[in-house]
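Next up: a single chain in structure tokens, the form predicted alone.
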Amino acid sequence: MSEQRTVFHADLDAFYVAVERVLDPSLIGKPVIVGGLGNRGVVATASYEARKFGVHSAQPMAIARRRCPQAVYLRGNREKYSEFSKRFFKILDDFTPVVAGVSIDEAYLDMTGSDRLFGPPKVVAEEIRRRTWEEVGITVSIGIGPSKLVAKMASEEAKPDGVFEVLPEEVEAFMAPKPVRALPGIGPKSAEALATLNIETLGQLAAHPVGPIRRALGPNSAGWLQLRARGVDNAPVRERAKSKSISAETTFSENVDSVDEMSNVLRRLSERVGSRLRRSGMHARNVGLKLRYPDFTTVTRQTTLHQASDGDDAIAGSVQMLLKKAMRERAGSVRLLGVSVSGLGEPAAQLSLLDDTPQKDSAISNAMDKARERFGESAVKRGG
């Protein structure tokens, strides 16, 4: 008989705001909103004081300003947030080798069998909370469950600054009364379709005949969602997707018409994507460019590398070539730029003996990663 899984979902509370408060304690207790401050900006994080006014992440900043004009508005700084995130993940690594980062402030931990080393799950979670507060200066909420899905939903119950555990025998009772929108994977349209069947809770979804749900949501979704409504989720904590992509993009507060400025932005985005690619241990075969014009027309272009790579120069060089082609097809200003890599796979066992450029590019990029990790994101940059 296999050992019962134990999964943690650790989520730093209002992370960007929390970092700003560590750096400037005068912000404590005030409504604080971090995000893009331009006309097209969106909310990245809102403090709990601001959330009382109906402000939430991914909300247009213009709406946030109307709802909470008295808040302190901050643009934020990716570099300082990254430093705090690294401290947090170093703590998590002390408790298990299986840590899957979801974002800069959120991770799943496979803690199966860890009670023999550290004690019961709740004890371990409280120790992670204590160390995070003492070493990072930020609170963390931790959900505990027998799967990623249940742990994720348990962490919502733990917020802010708490621990919530759902035992295996408690899963269905925990899930049943929750509204269908609380289940990851059910969006507004699916919820509306389920409402026509008088399905409002996960318990009702789990118990409903599957036929009408298939007709409402499609044959591929019905059975999967009913299992998840019962809390069934066998996904491993650490997954290696075979055809995953990695991307980064930026929306400008004002349209950019300078090709030189576009090139500089694409270089920075390429380095960001390259860093994430190297952390994954994968190499990419394809590089993509995304442009959005002032009329909201969005164009994507892709090219295939001669040899799969994880180097910044390979990514940036390909993107610059795609930009030149795109500008020949439609010159003018843009409001968004993005870089992506896809076709990910393990590094080739034997690289070309005739061309050592990819190896050099990868080695230099890795060295730059280490320098940034030690001295900060802005410590070293490549020339244009």
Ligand code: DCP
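Please read all numbers here as calculations on a predicted model, not as lab measurements. What we label the rigid core is the largest C-alpha set whose atoms superpose within 1.5 Å from one form to the other. Quick note: we count residues from 1 along the sequence shown, nothing fancier.
A second form of this protein, the form predicted together with the ligand, is not displayed here; the remarks below concern that form.
Stretch-level contact analysis of 100-108, 119-127, 251-259, 86-94 against the ligand in the predicted complex, using heavy atoms and a 4.5 Å limit, identifies 100-108.
Of the residues Arg272, Arg131, Lys159, Lys80, just one reaches the ligand in the predicted complex with a heavy atom at 4.5 Å or closer; this is Lys159.
The ligand in the predicted complex comes within 4.5 Å of a heavy atom belonging to Arg51.
Of the heavy atoms in Asp11, some are within 4.5 Å of the ligand in the predicted complex. When the ligand is considered in the predicted complex, Leu336 lies well away from it, no heavy atom lying within 4.5 Å. Mapping the unseen interface onto this chain, Ser57 counts among the residues with a heavy atom inside 4.5 Å of the ligand in the predicted complex. Residues of 25-47 lying near the ligand in the predicted complex, listed in sequence order, are Ala44, Thr45, the criterion being any heavy atom within 4.5 Å. Annotation: Cα of Glu157 displaced by less than 2 Å between the shown form and the other one, core superposition. Relative to the superposed rigid core, Glu106 undergoes a CA displacement smaller than 2 Å between the shown form and the other one. Annotation: Cα of Glu249 displaced by at least 2 Å between the shown form and the other one, core superposition.
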